[in-house]
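Coming up are structure 1 and structure 2: the same protein chain in two forms, each one given alone as structure tokens.
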Structure 1
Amino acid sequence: MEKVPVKTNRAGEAAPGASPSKRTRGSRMARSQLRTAVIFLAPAVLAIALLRLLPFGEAVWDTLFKSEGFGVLAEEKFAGLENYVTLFTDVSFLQTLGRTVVFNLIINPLQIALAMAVSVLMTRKMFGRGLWRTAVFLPSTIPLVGSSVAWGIALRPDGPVNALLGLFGIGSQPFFTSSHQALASIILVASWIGIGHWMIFLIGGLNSVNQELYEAASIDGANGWRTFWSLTVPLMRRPLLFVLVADTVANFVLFVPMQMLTNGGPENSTTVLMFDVYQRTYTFSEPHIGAAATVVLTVIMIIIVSIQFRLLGERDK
């Protein structure tokens, strides 16, 4: 190849008005670009096809059949949309859907509000700020299994939390064994490690806010609360929206504490959609109904992620 710079536009094609020989060369370049693209993208595209599209297709296909008979004599029969009808006329599934939505409407705003409050605090001027920040961040390095073990033991009837409550004259609480407290206890398990995680994103956002705007606001006599709502929150719109969607996605598939600590109970109070899919497939051995629930879950996730993608896409401009 000659070492002569060719004036090309960004598409790698010859610029308009180029001589015919240059145009041929442009198309040759476009071909080589395409080859590079295919080689470089093939592993990632293959991974997405194998790890996401194929199982989703498999799940959709599974929902169209049902097993008739028992054990080895069971026969796979085409069932059309019967599994979906079964699922959506099942009161317990509708309750699960409702519970999942309520759970997310509580845990996500709660985690983000607390992460935001901690972030604002940890970006103020104080002694040893880095140390306190690290302290809040520290639990977020603990895997959910670790958090579940710690809180599972801490919230036992004979555990330290009940001992502390006793100090204030509050009687022993059942936590994971009460249908009224189990889901709230799971929120605690997830939030102990979640708040520090989201805090890091929000501190990043707060640090990139122009400090001069705050000076201007304080000259105008705006108080702290007013500055927060009319300056900080609008300026933090993007990081806040990102954290909201990412947090929602994470909590929609929350599974570890339900499987380890409550097994969906007591009285189904912690059976959310993700755990329901698992339970229907493995505990109740209803793979076809489980697949239908998987499809419902995946479709909800695709909707949420598309919103997130739009949000992230905005930053391209």
Structure 2
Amino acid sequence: MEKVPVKTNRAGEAAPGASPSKRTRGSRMARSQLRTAVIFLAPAVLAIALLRLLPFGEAVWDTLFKSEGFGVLAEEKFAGLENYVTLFTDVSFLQTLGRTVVFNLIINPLQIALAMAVSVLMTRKMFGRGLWRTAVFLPSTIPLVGSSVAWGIALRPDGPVNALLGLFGIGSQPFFTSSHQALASIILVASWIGIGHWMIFLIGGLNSVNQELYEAASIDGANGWRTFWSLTVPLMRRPLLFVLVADTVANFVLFVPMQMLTNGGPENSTTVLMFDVYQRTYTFSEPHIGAAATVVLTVIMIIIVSIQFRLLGERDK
């Protein structure tokens, strides 16, 4: 006997007016769908709770205490907001905070603009396009530690980059030993890795744009620059937002190049918040103040990411 399908709404519930047996069957279907959703989502929710929310909650709790004494004999005492007061009255922390904001204001637009430019170029018809894409993407497959070692060798005073500059009559540059060049050199290392990584996401977005729109723009006489600003950029808003948010978070917690290449120097010129947290916690043995700096870093990231999402939401209306 052929079964009569039960009409259900989007939630899997039986439609109004259905018979009691159909309502029961629809209710079972809804419960089954809910059970399936819970089973598939539970591992991800559990991982987020255990690996993200719980450690952050512990970090917030740690900021309310301070240690008195040394080593295992140190006594934990409730300190309220004293650790935050200590941070925000510390001139070096305020300088680090400002340096971190400036670092991100430079590196994020720079990486996204270059990744977008390369993505547009890599979606054009050109000889060896796949080979060029691989060449640009390859640096992002190298671990950050390996990339930092390679650039540390390339940019040292007697390295190949300075040798190449010497051919053009330019003197040896103190890339990682000058307080005026160290942060820019870190930006170069991070961008060498980041541009190829974000390019992949942007190429995916560009390939999803309806090509008929470009043909229509061409028929209307729009040049390449006008087509890019009036057609490509608006249609790439969501991929760009994803890349912007992910890139912002990645650069706020960037740590390896600073630790390996400059150790936060010279003259603290490459000390950003993430490296400052490491120093306070493990070098200066101030875990509670380090936890407070972590909370400040997280709050700043949440505020900036919220602004980025808010800007996109307003544009979608």
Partner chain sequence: MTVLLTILAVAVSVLFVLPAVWMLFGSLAPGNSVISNVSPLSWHTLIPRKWTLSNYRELFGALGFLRPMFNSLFVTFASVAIGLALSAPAAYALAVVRFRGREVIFSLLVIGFMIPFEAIAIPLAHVFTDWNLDNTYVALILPGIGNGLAIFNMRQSFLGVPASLREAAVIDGASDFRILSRIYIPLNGTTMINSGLLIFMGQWTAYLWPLLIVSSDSKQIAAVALARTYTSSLFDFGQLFAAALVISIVPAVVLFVLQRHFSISIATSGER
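By convention here, residues take numbers in order along the sequence of structure 1, the first being 1. As the structure is a prediction and not an experimental result, all values here were calculated from the model. Here, rigid core means the biggest group of C-alpha atoms that superpose within 1.5 Å across both forms.
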- Task: Determine, for this pair of isolated chain forms, which one is the form predicted alone.
- Result: 2
- Kindly check if the Cα atom of Asn263 is displaced 2 angstroms or more between structures 1 and 2 relative to the superposed rigid core. no
- Kindly check if the Cα atom of Ala49 is displaced 2 angstroms or more between structures 1 and 2 relative to the superposed rigid core. yes
- Spell out whether the Cα of Leu34 moves at least 2 Å between structures 1 and 2 when the two forms are superposed on their rigid core. yes
- Message: Superpose the two forms on the rigid core and tell me the Cα shift of Met301 between structures 1 and 2 in angstrom.
- Response: 3.4
